[in-house]
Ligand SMILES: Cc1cc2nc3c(=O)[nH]c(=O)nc-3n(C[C@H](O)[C@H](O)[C@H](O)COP(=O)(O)OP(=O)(O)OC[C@H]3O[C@@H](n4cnc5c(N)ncnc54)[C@H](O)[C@@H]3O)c2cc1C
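A lone chain, given as structure tokens: the form predicted on its own.
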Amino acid sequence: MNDQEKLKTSGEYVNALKKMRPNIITDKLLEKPFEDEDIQKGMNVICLSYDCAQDPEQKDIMTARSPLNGKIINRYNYIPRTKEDLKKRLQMINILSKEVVCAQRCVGGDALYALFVGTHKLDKSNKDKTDYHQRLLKYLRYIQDNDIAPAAAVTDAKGDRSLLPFQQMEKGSYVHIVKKTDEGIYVSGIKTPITMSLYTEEIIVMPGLQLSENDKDFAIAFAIQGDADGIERYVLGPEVKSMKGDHAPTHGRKYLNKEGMIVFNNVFVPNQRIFLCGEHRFGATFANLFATLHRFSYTACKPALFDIMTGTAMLISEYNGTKGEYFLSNTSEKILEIAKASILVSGMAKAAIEMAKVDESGAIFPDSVYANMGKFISSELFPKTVSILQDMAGSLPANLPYENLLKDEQYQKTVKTLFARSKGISAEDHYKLNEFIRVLVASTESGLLQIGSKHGGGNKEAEKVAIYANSLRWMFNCKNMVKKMVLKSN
């Protein structure tokens, strides 16, 4: 890799963040937000994506050559054009997720991908009287040239769910246009919860739902610097905190998922960074493109988590001495139920790739039915896998004594007796495994994972609508097939 193709290092990513204007708030404005321990551990997740891209052994999966600038770039910022590209995109997400649970960069990468396809459709609909796609290409080139990891803000605060955006008592429940000028637009509103929004240089904003003609002011997509004037970023999930114990798992001790809320207070967006502006009919188009792509990403990260839970279930069974069949229970069957989730969702991913089609924009797009079905299955099965692991582990993960007692001469013997299980398993190792299980299924972090499995990329109802709408022709063909079978003349 020559100097021209040198990728950003994780250290350079961190240094870029530290140069940004302070606008991150916990219960107060943080003057040095990137020295906050919890935020740093969120940054570590993104750092891993930069480190892996530098690894010669992972280069083929983690990077690709851009047709825009001819350089090797991070695959998150690359628009897939072949089935092999889609396969490698999922491999990248799966590899990272097995290390950090939630890779976080998928949202921003999926937004770039959706805008690439969506702006091309929009310009074509406008008979090329607009230049949104060219603006997007210039912005994408900027992201690639500077190896930036953008966040994407799709979900609005939403207000009263029974009302359309323009009907809301608090207009700021949705990000909207406040004023238009020859140079650009001014926007206000709230997006929340937004993954990796606290430790990014760039924020991409997109609509998250279908919009009516009266909602033109809410039909906007744009990109903005994370520290632009008028932007405030709030740290969410005060109970999701760093873990400091020697027996804490890597997730929590080194990595953390810290969500953020982004508040736009009359923020100026220049024309060249606007990719949708008032074309309300395309609100649903942009939202649906993003949703399908993000649900496709779930078919990589969720199997990674199911694989982790499968291994955890096998290990705790071994430690507790509950392998094989015992009275009215079958451990192998329980483990298979967790593994089944990974197999099913991975199968949907493969089908989505196999049935993918190249769009007029030049990008290849995964099959919508299989991508949505993969996410739908994962969100249905995730609570069940959590329940199975809770059942197999017993009460200990939620009722651990303080780990320092393992080193205290006065209490050490008692605590080690508590952890006495299968021969050859140390109390320390047993503690570590139970602490890991606690994080997975009995913690605030676990609650975040469970809520994310339901609502990330849209809820189950939205997924069912997408599956049904894209399956109607096939279902009608099924009906006609049966009519011929049953009603044909003898």
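Since the model is a prediction, treat every value here as computed from it, not as a measurement. Residues carry their position along the shown sequence, with the first being 1.
What comes next is about the form predicted in complex with this ligand, which does not appear here.
With a 4.5 Å cutoff on heavy atoms, N459 counts as touching this ligand in the model of the complex.
For the chain shown alone, T155 is a contact residue for this ligand in the model of the complex, at least one non-hydrogen atom being within 4.5 angstroms. This ligand is not shown here, but in the model of the complex it comes within 4.5 Å of a heavy atom of R161. In the model of the complex, at least one heavy atom of T195 sits within 4.5 Å of a heavy atom of this ligand. Within 4.5 Å of this ligand in the model of the complex, a heavy atom is found for every one of V107, G452 and H455.
Among D217, E202, E259, D147, the residue placing a heavy atom within 4.5 Å of this ligand in the model of the complex is E259. Contact with this ligand in the model of the complex, defined as any heavy atom within 4.5 Å, is confined among 53-61, 444-452, 39-47, 418-426 to 444-452.
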